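Given as structure tokens, the chain that follows is alone and in the form predicted alone.
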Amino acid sequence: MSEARQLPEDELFEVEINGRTCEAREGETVFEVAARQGVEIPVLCHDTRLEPAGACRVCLVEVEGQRRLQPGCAWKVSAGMKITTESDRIEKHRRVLYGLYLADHKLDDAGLPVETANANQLRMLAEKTPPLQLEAVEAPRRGRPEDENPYIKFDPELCILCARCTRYCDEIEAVNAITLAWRGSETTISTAGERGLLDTSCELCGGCIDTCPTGALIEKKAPQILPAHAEKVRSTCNFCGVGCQLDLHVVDGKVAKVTSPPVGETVNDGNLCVKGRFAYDFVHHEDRLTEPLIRREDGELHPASWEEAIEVAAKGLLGVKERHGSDAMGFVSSSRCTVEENYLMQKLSRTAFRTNNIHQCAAT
């Protein structure tokens, strides 16, 4: 059942998309109604987490009664509206628009936008609708090659100024570390005073990389292009108790990159923090512990089974209780653990060892 059909009948009205009657509600955009009906409208600047900007003009559609094509991502529907998403006029507009983008974009030998670590959405659109061939232009957009932050790289030659990255930084992260700077053909993605990201309010979450549709923003330490045999594995971030889902890109048995699942699929809605997205080096670090260790009689740590390690820990705690009493013990859990883990910790303290000396850092 569609989202609109779950609403009270008096909140629904009908619109027509490509000759087909569809139900809609007040405040919805053409893009939202069309998507619910399985009608694909191409977009570049649109991210469902962000307020519509209508900046890229890829999503223009025909609306009866409107002289000009209108942006489907931002145009609000109204009762009785008739919308066309595919026509000769729209096709001609897309060919010219893609041609303009490609005239100011880094291309491969086939004349298409280069493949990038992010799936270059402009390339996919140009493959579907052949662009008008235009003479290349050189826009003097600046990059930040001297930016020494360890994770994020910006290539101005791939930027289409859709502002998804700056809007994400503003609307989702609320840190305003990056912004559109300069004017005209020199407009670029920059920072206050053109400083490196480490000298700004940037939290290095990498959300700008995730939302970029062309790969102008990429991860420095990951492969530019993952090999075809790379495997994607869904997992849960282990850095805190929120439970963010992430996708591990595994190459030859090793994690080469971490990305967030598509928007709307999981609890984190496509977002990750700096740890979840970039702190995966520990997985294959040579100093990482891979099995429990127990200190034996010789004073050295030796490998042991989990059963043995848990038994030794339990005996040690019970020994403290027997020698000094329950109130000589204290338990501390972490807000980085899950609710269930914190519950078990206080259960262990109060029930197994009969002490209320249990604390959690979130309570301070």
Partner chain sequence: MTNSIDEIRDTEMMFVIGSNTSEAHPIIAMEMKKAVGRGSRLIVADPRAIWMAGIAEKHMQLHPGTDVWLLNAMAHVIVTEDLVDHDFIAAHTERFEEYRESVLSYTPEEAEKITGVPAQDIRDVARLYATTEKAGIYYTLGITEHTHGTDNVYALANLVLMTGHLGKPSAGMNPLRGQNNVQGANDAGATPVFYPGYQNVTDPAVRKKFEQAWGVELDPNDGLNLNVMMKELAKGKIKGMYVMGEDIVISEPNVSQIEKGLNQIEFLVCQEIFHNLTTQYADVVFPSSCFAEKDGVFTNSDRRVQRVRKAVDPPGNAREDWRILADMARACGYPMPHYENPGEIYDEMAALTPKVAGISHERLDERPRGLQWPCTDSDHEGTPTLHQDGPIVGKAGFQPVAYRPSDEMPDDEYPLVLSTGRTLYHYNAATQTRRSAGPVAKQARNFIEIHRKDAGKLGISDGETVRVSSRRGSVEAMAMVSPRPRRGCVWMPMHFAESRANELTNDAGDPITQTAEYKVCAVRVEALTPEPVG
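Here the rigid core means the biggest group of C-alpha atoms that line up within 1.5 Å when the two forms are laid on top of each other. Positions refer to the first chain, counted from 1. Note that the structure is a prediction, hence the values are computed from the model and not measured.
The following text describes the form predicted in complex with its partner chain, which does not appear among the structures shown.
Only one of the listed residues (D104, E203, D155, D147) places a non-hydrogen atom within 4.5 angstroms of its partner chain in the model of the complex, and that residue is E203. The single contact residue among V250, L226, L132, L161, judged by any heavy atom lying within 4.5 Å of its partner chain in the model of the complex, is V250. Stretch-level contact analysis of 123-131, 263-271, 187-195, 89-97 against its partner chain in the model of the complex, using heavy atoms and a 4.5 Å limit, identifies 263-271. Using a 4.5 angstroms threshold between heavy atoms, C244 counts as touching its partner chain in the model of the complex.
In the model of the complex, S333 approaches its partner chain with a heavy atom inside 4.5 Å.
Although the partner is absent from this view, R350 contacts its partner chain in the model of the complex, with a non-hydrogen atom inside 4.5 angstroms. At the 4.5 Å threshold, heavy atoms of T21 stay clear of its partner chain in the model of the complex, well away from it. Heavy atoms of no residue among E40, A136 and K220 are located within 4.5 Å of its partner chain in the model of the complex. Annotation for 266-285: interface residues with its partner chain in the model of the complex are T266, V267, N268, D269, N271, L272, C273, V274, K275, F278, A279, Y280, D281, F282, V283, H284, H285 [heavy atom within 4.5 Å]. Once both forms are fitted on their rigid core, the CA atom of T21 lies less than 2 Å apart between the shown form and the other one. Annotation for A119: C-alpha shift under 2 angstroms between the shown form and the other one, rigid core superposed. Once both forms are fitted on their rigid core, the CA atom of P292 lies 2 Å or more apart between the shown form and the other one. Relative to this form, in the model of the complex the C-alpha atoms of R336 and K232 approach one another by 3 angstroms or more. With a change of no less than 3 Å, the CA-CA distance between V255 and R336 is smaller in the model of the complex than in the form shown.
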